[in-house]
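As structure tokens, one chain now follows by itself in the form predicted on its own.
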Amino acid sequence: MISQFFVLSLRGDNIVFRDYRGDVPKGSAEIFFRKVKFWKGEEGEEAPPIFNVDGVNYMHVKQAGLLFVATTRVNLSPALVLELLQRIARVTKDYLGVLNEDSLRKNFVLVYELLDEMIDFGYPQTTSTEALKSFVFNEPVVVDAARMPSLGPAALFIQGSHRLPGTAVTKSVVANEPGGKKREEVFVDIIEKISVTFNSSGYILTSEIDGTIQMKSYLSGNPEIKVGLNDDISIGHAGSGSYEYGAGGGVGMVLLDDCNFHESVRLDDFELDRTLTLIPPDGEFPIMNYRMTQEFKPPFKVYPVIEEAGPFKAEVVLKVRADFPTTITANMVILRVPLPKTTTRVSFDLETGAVGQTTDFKEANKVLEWCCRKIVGGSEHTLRAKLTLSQERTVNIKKEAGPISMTFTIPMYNASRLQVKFLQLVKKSKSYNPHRWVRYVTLSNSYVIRT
């Protein structure tokens, strides 16, 4: 059971606050924010999701630039509370269409009504958007999508050759379109987070894909949906330990280590033709979660060269190659390289004609940062950095620099090759033909290159 629930902006403004049990001081929100803002850890380290101050346990998650926080004095399951906070954020987004500070302030009556139905005296009751529709009657105040910040190229849904901006899914599942009509459409996301570790020679040490197939339905009457996946999916096969792409007997197959499905999914035809059948509940939910540790081709290769250039000088050369098709573009590719603690100054030399690239030296924690706003598949980019050191080195500079970490987003690309082959709806009538949208997004989870 939780004692309090509140939502803070990143400035510390209290947007939503509900005290369920009265056993935690009213100033807990300010105590929490000060602790998070001035967290005393290693340089650059953020506050952990769970910590204790004066006998009060604070648990929080960060969603869409907001802090969702629960407090309690009892010894609760941390995983339960963090999952509850995630689900509160998801239900709120389902009802408001877009989750940000402006939408919460404009819909505070609806938000408090949702909280009263989801949590009673600190005990969770339900976090199902479908179930809450029977108890929540306030209509959301829709935030103008034109005032929202751009979601970037990653937020594009594809249907054939047509493109629909990502703001198309910033709609409430309960609000109607202007004119009182509800636009019939369903959205499917295949989101993959990849983790890869390379050794200093460029060979892969570990690799893993955590994927999810998300669905958001705006269909009236909850029709039955069939989602067809690759016929060549194999589940439960242990990894061979070989990372030579295409080696072994599983060429062309999608080999998943394990997976799980939403409770609404029926698996009658899954073993036969890899088809998932479901009647989608309202709101956003994961149809399927899967994990893959089999060999796959990583989207980026990084070739670092770190060498001494004199008693107080050193040079770092980074070369990035995009190993995906030329029709695909990665966004916001950022490389971070920890430098020797004695580094005092860094001068950068970008390649000729470089566009949309920025460099920075974070002197506080001695980190080199290289940001490329866009990288087209098949291209290569190089950065040369010259370091000035405050004292002569006593050990090999390679031991003091690195490892290199990398973050990126690649829309319409997935490393596992898992695909949605078709999205069929059981038609109520011949004229019933709702819009269907599918997108693929690959994100970096932990992409590390050792030096």
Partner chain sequence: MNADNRKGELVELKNQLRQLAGSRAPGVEDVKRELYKKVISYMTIGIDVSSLFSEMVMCSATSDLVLKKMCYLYVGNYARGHPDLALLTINFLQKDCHDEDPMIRGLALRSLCSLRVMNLVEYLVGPLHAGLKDSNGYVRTVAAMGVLKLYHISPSSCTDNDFPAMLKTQLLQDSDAQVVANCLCALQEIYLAEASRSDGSLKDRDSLYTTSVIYLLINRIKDFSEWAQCLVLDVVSKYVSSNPEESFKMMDILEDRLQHANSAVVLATIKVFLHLTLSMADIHQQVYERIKAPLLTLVSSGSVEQSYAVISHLHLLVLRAPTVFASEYKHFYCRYSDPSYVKKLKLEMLTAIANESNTYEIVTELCEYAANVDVAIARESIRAVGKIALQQYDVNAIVDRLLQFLEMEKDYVTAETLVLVKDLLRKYPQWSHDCIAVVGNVSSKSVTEPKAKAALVWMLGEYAYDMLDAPYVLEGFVENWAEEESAEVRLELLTAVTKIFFKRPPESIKMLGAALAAGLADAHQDVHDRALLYYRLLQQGVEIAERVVNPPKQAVSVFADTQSSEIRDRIFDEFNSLAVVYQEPSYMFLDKEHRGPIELTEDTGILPMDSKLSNDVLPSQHVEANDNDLLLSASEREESRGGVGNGSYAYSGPDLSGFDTPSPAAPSNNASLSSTSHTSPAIDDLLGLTFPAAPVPTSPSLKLKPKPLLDPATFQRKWSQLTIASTLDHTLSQPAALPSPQPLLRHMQAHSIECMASGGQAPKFKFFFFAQVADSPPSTGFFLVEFVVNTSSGISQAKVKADNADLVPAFGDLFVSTLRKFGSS
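It should be emphasised that the depicted structure is a prediction, and the values quoted were computed from it without experimental measurement. Note that the rigid core is defined as the largest set of C-alphas that superpose within 1.5 Å between two forms. Numbering follows the first chain given and starts at 1.
Here the subject shifts to the form predicted together with its partner chain, a form of this protein not shown in this document.
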| query | finding |
| --- | --- |
| Its partner chain in the model of the complex: contacted by all of Leu255, Val316 and Arg439, heavy atom 4.5 Å | no |
| Which of 110-118, 216-224, 344-352, 295-303 lines the interface with its partner chain in the model of the complex (heavy atom within 4.5 Å) | 110-118 |
| Sole residue of Thr358, Ser234, Asn260, Ser379 within 4.5 Å of its partner chain in the model of the complex, by heavy atom | Asn260 |
| Position in contact with its partner chain when the complex is considered in the model of the complex, options Lys193, Arg321, Lys374, Lys362, heavy atoms within 4.5 Å | Lys193 |
| Partner proximity in the model of the complex: Glu308 to its partner chain, non-hydrogen atom cutoff 4.5 Å | no |
| 4.5 Å heavy atom contact, Glu185 and its partner chain in the model of the complex | no |
| Heavy atom of Asn14 within 4.5 Å of its partner chain in the model of the complex | yes |
| Distance check, Tyr203 to its partner chain in the model of the complex, heavy atom within 4.5 Å | no |
| Its partner chain in the model of the complex - contacting residues of 284-301, heavy atom within 4.5 Å | Asn289, Arg291, Thr293 |
| Asn57: Cα shift of 2 Å or greater between the shown form and the other one (core-aligned) | yes |
| Core-aligned C-alpha movement of Ala29 between the shown form and the other one reaching 2 Å | yes |
| Ser379: Cα shift of 2 Å or greater between the shown form and the other one (core-aligned) | no |
